[in-house]
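The form predicted on its own is given below as one chain in structure tokens.
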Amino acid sequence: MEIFVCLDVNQAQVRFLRQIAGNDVIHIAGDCSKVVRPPPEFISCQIALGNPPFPWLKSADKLRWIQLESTGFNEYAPLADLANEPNPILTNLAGFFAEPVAETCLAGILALYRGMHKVVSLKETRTWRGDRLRSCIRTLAGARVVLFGYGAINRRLHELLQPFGCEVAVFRRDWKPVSLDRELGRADIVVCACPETPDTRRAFDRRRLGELMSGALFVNVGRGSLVDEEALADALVQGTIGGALLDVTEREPLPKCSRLWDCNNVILSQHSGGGSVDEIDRKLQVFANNLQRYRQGKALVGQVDFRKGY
């Protein structure tokens, strides 16, 4: 069996991969995102670790399983339409980023509530505002929070919010527009953490953003497609909402022409919210566990269901 790794790894991680491969052949190619043609080693492999470019899959007749290094898999949605038979199993890192992303949400909310984004900006210009800042900052205690999506990220965030005594309204896959609109009208904070599906795409359009109270915070750590970014920029510029934390945007990198760059009440965390110093090591451990299951003929953890969209 041959395993192809399109993931940047250090020498210690290479040794770990070779150890878990055992007698199998392993090809470690590093980041392949900008490589147009699939190398021969990929075409001959049965297992791939990482996110190989989708066009490569058309040439990979022997490929049986792809372990993604991400939760998102939209670029692989056409997989079922390929002529290859059988098509490879696709597993993602569902739940893997829950802790770091939930902590990013909490950090961003507290930063905006406590004015940290303002004092960082003032430090850059050596400007002292002192007491004049005090009337512009808020406390999180007792805030009304809407969690749109209730997967691993928002479940963990719900736990992190408990010491603050927040009033939390949860909207799962079966969310009802009327109920959501009603809660948005009284929410201090809205946190979106769900995949892109027909039901969630542009869920926060101009009309729905208009339901938010003045001063409300909008947090998106799900998918950039969940919100109308032009409408969001209007709301932020006009001050009809209080601020936003955006870990994801519809186009990444965010185009330099986007007005979101100029909004001083926005934190752009640049899709780094799931990061941690041990991220790659933990990803390799997920792969190692699934590789053992694959060899034993067991069901793989994190298998993608294209019909559900996650």
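All residue numbers refer to positions in the sequence shown, first residue = 1. Source: prediction; values computed, not measured.
What comes next is about the form predicted in complex with a further copy of the same chain, which is not displayed.
**Student:** Counting any heavy atom within 4.5 Å as contact, can you tell me which stretch out of 173 to 181, 194 to 202, 224 to 232, 104 to 112 lines a further copy of the same chain in the predicted bound form?
**Tutor:** This holds for exactly one stretch, 104 to 112.
**Student:** Contact with a further copy of the same chain in the predicted bound form for residue 275, defined as at least one heavy atom pair within 4.5 Å: yes or no?
**Tutor:** It does: once a further copy of the same chain is placed as it appears in the predicted bound form, residue 275 has a heavy atom within 4.5 Å of it.
**Student:** Is residue 155 part of the interface with a further copy of the same chain in the predicted bound form - any heavy atom within 4.5 Å?
**Tutor:** Result no; residue 155 lies far from a further copy of the same chain in the predicted bound form.
**Student:** Quick one: does residue 124 come within 4.5 Å of a further copy of the same chain in the predicted bound form, counting heavy atoms only?
**Tutor:** Residue 124: yes, in contact with a further copy of the same chain in the predicted bound form.
**Student:** When the contact criterion is heavy atoms within 4.5 Å, does residue 97 count as touching a further copy of the same chain in the predicted bound form?
**Tutor:** Contact check for residue 97: yes, within 4.5 Å of a further copy of the same chain in the predicted bound form.
**Student:** If you check 284, 260, 26, 29 against a further copy of the same chain in the predicted bound form, which one has a heavy atom within 4.5 Å?
**Tutor:** Contact residue from the list: 260.
**Student:** Could you work out which of 160, 237, 213, 77 is the residue within 4.5 angstroms of a further copy of the same chain in the predicted bound form, going by heavy atoms?
**Tutor:** By the 4.5 Å heavy-atom cutoff, the listed residue in contact is 160.
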